[in-house]
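Here's a solo chain for you in structure tokens, the form predicted alone.
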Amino acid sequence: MHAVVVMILQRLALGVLTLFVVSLVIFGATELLPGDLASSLLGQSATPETVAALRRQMGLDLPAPVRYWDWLTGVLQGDFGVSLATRRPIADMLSARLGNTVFLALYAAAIAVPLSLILGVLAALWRNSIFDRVANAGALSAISFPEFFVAYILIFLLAQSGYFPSMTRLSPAMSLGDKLYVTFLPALTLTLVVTAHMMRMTRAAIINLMASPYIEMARLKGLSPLRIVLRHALPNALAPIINVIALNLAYLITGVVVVEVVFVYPGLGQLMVDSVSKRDIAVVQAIALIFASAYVLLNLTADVLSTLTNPRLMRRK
């Protein structure tokens, strides 16, 4: 137990250091953008005096290290600043959109994780069969297609026929059933994209264990192939499976930008694209930091769960 606590603390320290480096990269990248933010907000007809006054108001006349420190200390206190485009607090803008993005990610995960585990187990159970070959071909095809292509194919097949809406409109008054219905196509798009990775990892992890001595002993005892896979192989293959599931869950949260734009989904990805087009740098920085935090947290969770399911990892030198 002590070793697990030490490992968690080490991972937390590494995660905090990673987020600090990411914050430097995010701030530095926005600083390197061409043009002057105050001039672009005021337009070409603005006088130099007006531009200078706006720069002082937004703190752009301060040195970059000072502005980074002010931004970082504000973020640590939960204050992301004020949107340059709407003059609204960024935290208020993010709260509603973050809930929509998390809902979409959980919806897709609720479909993708069980589906990928079932397909991976069946593909390993019926190795080199027609089902295995079809499942692998479908998985490779899904991996090869970009998200927007999958989204437009689903819109053409399911939205044009009137089964599902092509644009996602959410309101607080909607019931859970209505939300599940209107968000089905973006959730299905994400499901098709991430299921392939998890299915192939599940299949590979189980197949690697099928030649183990304890699996041969289970066969000699007369156990059925399905019971051997579920009772003996799958529990010992959880470490790599959990890793790939966690990475794909991180993608579901951080990689929804394209899907949200295609389906006009009111989430963080859509807000980020809108903010980039408006040059609302403060909002872009906040969303990028949230995405990075989610990715680091899910990677930490994957490391901890993998270690708990396979204690031998704690004895690596």
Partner chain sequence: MAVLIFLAAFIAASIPLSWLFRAGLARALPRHMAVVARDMPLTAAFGLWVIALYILVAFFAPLLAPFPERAVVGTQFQPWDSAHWLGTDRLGRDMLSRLIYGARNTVGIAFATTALAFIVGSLLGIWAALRGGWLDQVLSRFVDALMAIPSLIFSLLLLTIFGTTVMTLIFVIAAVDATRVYRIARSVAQGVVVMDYIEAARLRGEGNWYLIRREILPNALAPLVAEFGLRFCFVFLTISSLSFLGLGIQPPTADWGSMVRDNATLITFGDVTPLLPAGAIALLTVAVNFVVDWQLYRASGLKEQG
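This structure is a prediction, so every number in the text was calculated from the model and none was measured. Between two forms, the rigid core is the largest collection of C-alphas that superpose within 1.5 Å. Residue numbers count along the first chain shown, from 1.
Missing here is the form predicted in complex with its partner chain; even so, the following discussion is about that form.
Considering only heavy atoms, tell me if Ser166 and its partner chain come within 4.5 Å of each other in the predicted bound form. Yes, Ser166 is a contact residue.
Please determine whether Ser141 contacts its partner chain in the predicted bound form, using a 4.5 Å cut-off between heavy atoms. Residue-level check for Ser141: yes, a contact with its partner chain.
For Tyr152, is any heavy atom within 4.5 Å of its partner chain in the predicted bound form, or not? Yes, Tyr152 is a contact residue.
Exercise: Ala64 in contact with its partner chain in the predicted bound form, heavy atom 4.5 Å: Judged by the heavy-atom cut-off of 4.5 Å, Ala64 is well away from its partner chain in the predicted bound form.
Just to confirm, with a 4.5 Å cut-off on non-hydrogen atoms, which of Ser224, Thr73, Gln160, Ser129 contacts its partner chain in the predicted bound form? By the 4.5 Å criterion, the partner-contacting residue is Gln160.
With the distance limit set at 4.5 angstroms and only heavy atoms considered, check whether Ala91, Leu230 and Leu234 all reach its partner chain in the predicted bound form. Contact check failed for every one of Ala91, Leu230 and Leu234.
Counting only non-hydrogen atoms, choose the one of 73-81, 109-117, 152-160, 235-243 that falls within 4.5 Å of its partner chain in the predicted bound form. Single hit among the candidates: 152-160.
Judged by heavy atom distances of 4.5 Å or less, which residues of 263-286 approach its partner chain in the predicted bound form? Sequence-ordered list: Met272, Val273, Ser275, Val276, Ser277, Arg279, Asp280, Ile281, Val284, Gln285.
Superpose on the rigid core, then tell me if the C-alpha of Ala85 is displaced by 2 angstroms or more between the shown form and the other one. Yes; Ala85 is a residue whose C-alpha shifts (by 2 Å or more) between the shown form and the other one when the cores are overlaid.
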